[in-house]
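In the form predicted on its own, a lone chain appears below as structure tokens.
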Amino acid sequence: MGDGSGADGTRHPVHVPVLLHETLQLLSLQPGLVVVDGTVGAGGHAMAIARAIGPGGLLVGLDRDTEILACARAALAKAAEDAPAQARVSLHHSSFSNVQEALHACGQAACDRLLLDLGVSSLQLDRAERGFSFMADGPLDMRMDPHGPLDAASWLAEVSEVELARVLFEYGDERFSRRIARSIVYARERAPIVRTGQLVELIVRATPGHARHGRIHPATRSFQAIRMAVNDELGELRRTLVSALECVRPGGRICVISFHSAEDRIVKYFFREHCEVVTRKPVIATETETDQNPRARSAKLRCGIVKEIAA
């Protein structure tokens, strides 16, 4: 997700939604629409959507992170106080693949627009206790839903060396995936890997010396890959896109902001097969935006229109 600086636990976080102007344009919003923000995050996109579709519209927001959902609830409530003519808002602690259930809970059979802003939020990255970041030591967690059944430490304790190497290579584009996987499996036989600092040290030691001082930290790709596996992020995306065909009205729009090449490929081919493609090429952030929010550099926005049902 395209968030800005994270929370320190004592103040509301600053939220910088990625590709906000471009997303609003592609969603083609108007008052009275029913819009689902499937990854509401801290509410950056959601606040702008609520303004655009109110009064008379309904914004349904989902997020599987209870902490971030609380931030969204506070931000949207404050925005409603400042501008009472906004849309009604209904927030749900749920994975975005459960979009149909969330709509039904609001008494809606379908929606007009669906937005997915994928990836990890900087509100999560910036809190060491969530275990997403290699920049500070913390528990090796990485769960999008803090109450989910499987954290990264448990996943690493059970995954096979072959599967771990595959995940690191396919989800992280990690060229030293086999070396890193071998190092992790060897180390866990001697002591459980339960801290992010432990994992970072293992990855760095397994990375050849000439590759340790590149443009990005040597643990970047592995942390991304493990996070994606623990949270089944690609599976969630595929399930949600299938559900979207049933819950977005014909002529309605689906917008997806992705931060990983595998996510973007899934979205691209899904739109080609099932939708009228609006974005032949993905929309990317301007240089001005990436200067202000470096995490926007890898963002790709695509939009598709759900086809009318043939008579």
Ligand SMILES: C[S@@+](CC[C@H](N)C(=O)[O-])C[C@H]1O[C@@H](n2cnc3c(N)ncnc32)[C@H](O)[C@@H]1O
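Residue positions are given as counts along the sequence shown, with the first one as 1. If you're wondering where the values come from, they're calculated on a predicted model, not measured in any experiment.
The same protein has a further form, the form predicted together with this ligand, not shown here; the description that follows concerns it.
Hey, with this ligand in the model of the complex, do T39, A42 and D63 all fall inside the 4.5 Å heavy atom range?
The answer is yes: all three residues contact the partner (heavy atom, 4.5 Å cut-off).
Choose one stretch from 196-204, 160-168, 215-223, 95-103: the one whose residues place a heavy atom within 4.5 angstroms of this ligand in the model of the complex.
Result of the contact check: 95-103.
According to a 4.5 angstroms non-hydrogen atom cut-off, is A229 in contact with this ligand in the model of the complex?
Result no; A229 lies far from this ligand in the model of the complex.
Is there any non-hydrogen atom of G131 lying within 4.5 Å of this ligand in the model of the complex?
Answer no; every heavy atom of G131 is more than 4.5 Å from this ligand in the model of the complex.
Is there any non-hydrogen atom of D126 lying within 4.5 Å of this ligand in the model of the complex?
Heavy-atom contact with this ligand at 4.5 Å: absent for D126.
Could you confirm whether D141 comes within 4.5 Å of this ligand in the model of the complex, counting heavy atoms only?
Looking in the model of the complex, residue contacts with this ligand do not include D141, since no heavy atom lies within 4.5 Å.
Tell me, out of L118, A87, C111, A152, which residue has a non-hydrogen atom within 4.5 angstroms of this ligand in the model of the complex.
By the 4.5 Å criterion, the partner-contacting residue is L118.
Report the residue, out of V248, L27, I68, V34, that has at least one non-hydrogen atom within 4.5 angstroms of this ligand in the model of the complex.
Contact with this ligand in the model of the complex is made by I68 alone.
Could you list which residues of 283-307 come within 4.5 Å of this ligand in the model of the complex, counting heavy atoms only?
Only a single residue, R295, comes within 4.5 Å of the partner.
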